[in-house]
Structure formats: structure tokens, C-alpha cells
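Encoded as C-alpha cells, the following chain is the form predicted alone, with no partner shown.
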């Protein structure tokens, strides 16, 4: 994995995004799609910001980012610890893997009733739903990464006297870093994916709340803008995460 993103990569990405937006804009303005139920990006933004207070929008963004960040960090940390332990220690794999495989297919949305019972209507219940969205991709990636480390590398390190925790920290974890990095990126995206579900729990701020409130009022333009804001926030923050991951992996992989 190269630690640098070329200008051509960025231009290709911008070109693809711009092409989709232009097609969407043309289709809505030309009547190919019904602009009343699926307005063009420019019309949706213009109409939405006539109805929305800019300070409120900034607050919605801030609350959503706060919830995603806290839930993601808790989920990723737990996933890294448990996944690495399960991949390295047999007793941990016997202990954790059946539970992970039991609960992994359950969508975070299904946990909302229990989250309310366990944590109430405040922020902890929202953190819990996002935690679930982040935890399972990371724990799976961490486990797969550790068990996939080349045994030759482990044996070579052992000949130099490394064993136990030292072998884990200096060889196994660096060897699992690419898989773990993939899990972290997937988890970050899923954290945004469950954001709206998390903000169904008695929220009065956040982009998910803004979207659901707009649905009740029939403001399709606000819904579209809320969706675009979630997508844009994920795109920008994912770019930051990719940069950090490339720097992190480059420490061990000579990039």
C-alpha cells in the first residue's frame, strides 16, 4: 500500500463524483425523474437552506460527528483487543468466536429496544448502537489479520529470541496491520451507516434527527441535504483515516 495518493487518483475520484452529480442534476431538471420526490442537488440545497437555520445545521453536524466518533472509538478499541486476543490465544478464540458469530448477523437497528432499556434515552444508548456498527468489522479483521500472519515470519522472530507478548507486539500486530486497516475503514463507514438509526432514540439534534424530522414534515429537500451531508462527512473523514492508516502501515512495511 503506497503512502502517497497521486494527483491522478484524486482527479479520477472527483471526476466520477462530479459525473454522478451532473447526471442527477440533469435528470431532475429535465423531468426524467420527478423533482418533487427526488429534487436535484442544487435545488435541494437551495430550498433546504431557506428552511434551515445555518447554526442549527452546524449543531446537527457537530452532534452527529461526536456520536459517531465516540461510538466508533469504543467499538474499534474493543474489536482490536478482542480480535487480536482471539487470533493469538486459543482459549480466547474458544471464548469469544462463538459469541461473535452469534451476534454478528444481527443488525444494529434490532438492538434499539434493548439499548433504550439498558441505557435509557440519553447519549449512551446512541453510542451503543454505533459501537455495534463499528465493533464487528474491526474484531473480524483483527482476528483474520493475526491468524493470517506468515508463520515463517513468526519462526524467524523466535530464532532472535522474541516470544510471548514481544512476538505479538513486534511481529504479529504489524503483520496484521493491512487487514486491521481494512476493518477500521469499513467500521468507520458503518458507523455513519447506523447514525440515523442511533439518532432515532429520542434525539433532538443530529443529522439523523434532521432527516427524520424532515420526513414527518414532508420536506424532501431537507432529507436529500441531510443524506448528502452524511455522505460528505464520511468521505472527508474517511480520507483523513486513509492518510493516517497509510502512515501507520508505512512504519512497518517500508512505505
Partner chain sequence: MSEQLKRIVYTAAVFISLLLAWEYATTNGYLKPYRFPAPSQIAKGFVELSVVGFPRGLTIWVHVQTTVERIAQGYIAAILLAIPLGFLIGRVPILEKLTNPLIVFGRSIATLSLLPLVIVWFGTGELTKVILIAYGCFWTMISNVIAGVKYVDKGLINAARVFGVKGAALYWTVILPAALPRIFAGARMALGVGFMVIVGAEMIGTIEGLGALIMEARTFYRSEVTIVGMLIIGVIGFLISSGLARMEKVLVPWDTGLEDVRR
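Under this definition, the rigid core comprises the largest set of C-alpha atoms superposing within 1.5 Å between the forms. Keep in mind that what you see is a predicted model, and the values were worked out from it rather than measured. Positions refer to the first chain, counted from 1.
Same protein, other form: the form predicted together with the partner chain, not shown, and the subject of what follows.
With the partner removed from view, the residue among 27, 65, 45, 186 that has a non-hydrogen atom within 4.5 Å of the partner chain in the predicted bound form turns out to be 186. At the 4.5 Å threshold, heavy atoms of residue 242 stay clear of the partner chain in the predicted bound form, well away from it.
In the predicted bound form, residue 105 approaches the partner chain with a heavy atom inside 4.5 Å.
Mapping the unseen interface onto this chain, residue 41 falls outside it, with no heavy atom inside 4.5 Å of the partner chain in the predicted bound form. The partner chain in the predicted bound form comes within 4.5 Å of a heavy atom belonging to residue 112. Taking the partner from elsewhere, every residue among 99, 117 and 215 has a non-hydrogen atom within 4.5 angstroms of the partner chain in the predicted bound form.
Along 187-213, these residues reach a heavy atom to within 4.5 Å of the partner chain in the predicted bound form: 190, 193, 194, 196, 197, 200, 201, 211, 212. Core-superposed comparison between this form and the one not shown: the CA of residue 200 exceeds or equals a 2 Å shift.
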